[in-house]
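This document opens with one chain alone, in structure tokens, the form predicted alone.
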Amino acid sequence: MSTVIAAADEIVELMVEVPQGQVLRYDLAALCSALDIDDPTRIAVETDGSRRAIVTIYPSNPLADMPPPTLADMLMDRHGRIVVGRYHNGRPARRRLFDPSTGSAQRALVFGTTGAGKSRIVQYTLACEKRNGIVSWYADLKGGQSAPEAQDNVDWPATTQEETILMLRSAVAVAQERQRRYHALGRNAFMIGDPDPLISVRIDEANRLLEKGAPYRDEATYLVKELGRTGRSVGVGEELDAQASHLEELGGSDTLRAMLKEGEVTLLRWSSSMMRQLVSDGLLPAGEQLTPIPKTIAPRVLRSQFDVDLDDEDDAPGTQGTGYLLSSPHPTSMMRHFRIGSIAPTPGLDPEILALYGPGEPARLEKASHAAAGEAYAARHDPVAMAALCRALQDEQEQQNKTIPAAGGGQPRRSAARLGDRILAALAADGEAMTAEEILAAVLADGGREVRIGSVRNELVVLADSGDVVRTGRGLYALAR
């Protein structure tokens, strides 16, 4: 091993290299012990994935104090990135909201345990989206408590699982409508504002929607995957903000995880099992390690349990917002997000967070897509109308879950016909290609449970993917022959 040591202002940098033919491996705890470092947040290790590493040792945690963001930080650069904080070496940490080189909306995932700072990061990202003219659809599955300041600063706020499903259905429908419209225009990529705005669909506390036992898990997983497939090239991005526990809580879908691995992935303070999952799922290269993020920046010091001066108060500053940008060029370099909002809790809406959003109305969905977004979008700011749509969705779910005993025993079957079967029957009875609206009218006339156009459109996508239905023209569907 060869090392070169350079010291400046009490910061020590070690350049480490192993002989050719070997791969550099290290044990972080053993490294801290060898260097007599009792606070692991003082050390940063970055490798090239092969033979070399840079070990940086600081006199104290370099991320202990973070400033609030500036307006310049919040505005996208020519690469579609915003500055979200600082790395341990003081350089700006950037996250991409849009890729202008490919015309791609972004898929994103933010992991973090309770108290790791997810809500403040969500607030900052939403504020940046408003500042950059991005249409924000935001589902806060903590009943609106995670980011109350966002309520009047996003185009569509949702606070329940039913509202979130309606939002996702609308988002998929808008993406499909844009696909048809862009195809007619001969466009194969998205450009912001030409003519449509970029859309961001965000689900906060996504575990509650996608975990095992969640009432809408299957449909939510499907809609998130479908939006990932269709939305990227037409300017509809998506983000999931979730607890850092088992990835099975994200719909139990390998396809879903694979899609998110290609997007912007932020890891805050994690649970004990998270590191193994990050490596096994490919979110972190094999052999790489991340410095653990403690709950506070106070180093652990062993003292006699009989020390009369022992102070058990846990009043050390926290590490909220500290994390790793796993999809960045520096995935193993610790960073910290800007300080967002007031330091002390406020009795109402936080004035510092409201100031981040700035004045004026948020960007709105283009009128050309209002019909595709449907009744739910029109009712998004009407509590009475939205409550009625949510009750209809609950009834729809209850009908799907009702079962009756099967003849001769065995597994129970659903009492109501599947929507897919009803659509196939409608197409067979008509014998010609039909629009989604015509199919809806035929389905509503068959005497079964009431459904809405969004459900029909989503089911048509499923039937087309399975080969039961073919698209015969713009907005036309027919039975596969």
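These numbers come from a predicted model, not from an experiment. Throughout, we count residues from 1 along the sequence that is shown.
Form predicted in complex with a small molecule: not shown, discussed below.
**Q** May I ask whether R120, R336 and I343 each come within 4.5 Å of the small molecule in the model of the complex, counting any non-hydrogen atom?
**A** Every residue of the spot touches the small molecule in the model of the complex.
**Q** Have a look at 72 to 80, 160 to 168, 318 to 326, 177 to 185 and name the one stretch with heavy atoms inside 4.5 Å of the small molecule in the model of the complex.
**A** It is 318 to 326 that comes within 4.5 Å of the partner.
**Q** Should G143 be classed as touching the small molecule in the model of the complex when contacts are defined as heavy atoms within 4.5 Å?
**A** No, G143 sits far enough from the small molecule in the model of the complex that none of its heavy atoms falls within 4.5 Å.
**Q** Looking in the model of the complex, any heavy atom of E205 within 4.5 Å of the small molecule?
**A** Because a heavy atom of E205 falls inside 4.5 Å of the small molecule in the model of the complex, the answer is yes.
**Q** At the 4.5 Å heavy atom threshold, is G115 in contact with the small molecule in the model of the complex?
**A** Answer yes; at least one heavy atom of G115 falls within 4.5 Å of the small molecule in the model of the complex.
**Q** Might Q243 be said to contact the small molecule in the model of the complex, defining contact as any heavy atom within 4.5 Å?
**A** Yes, Q243 lies within 4.5 Å of the small molecule in the model of the complex.
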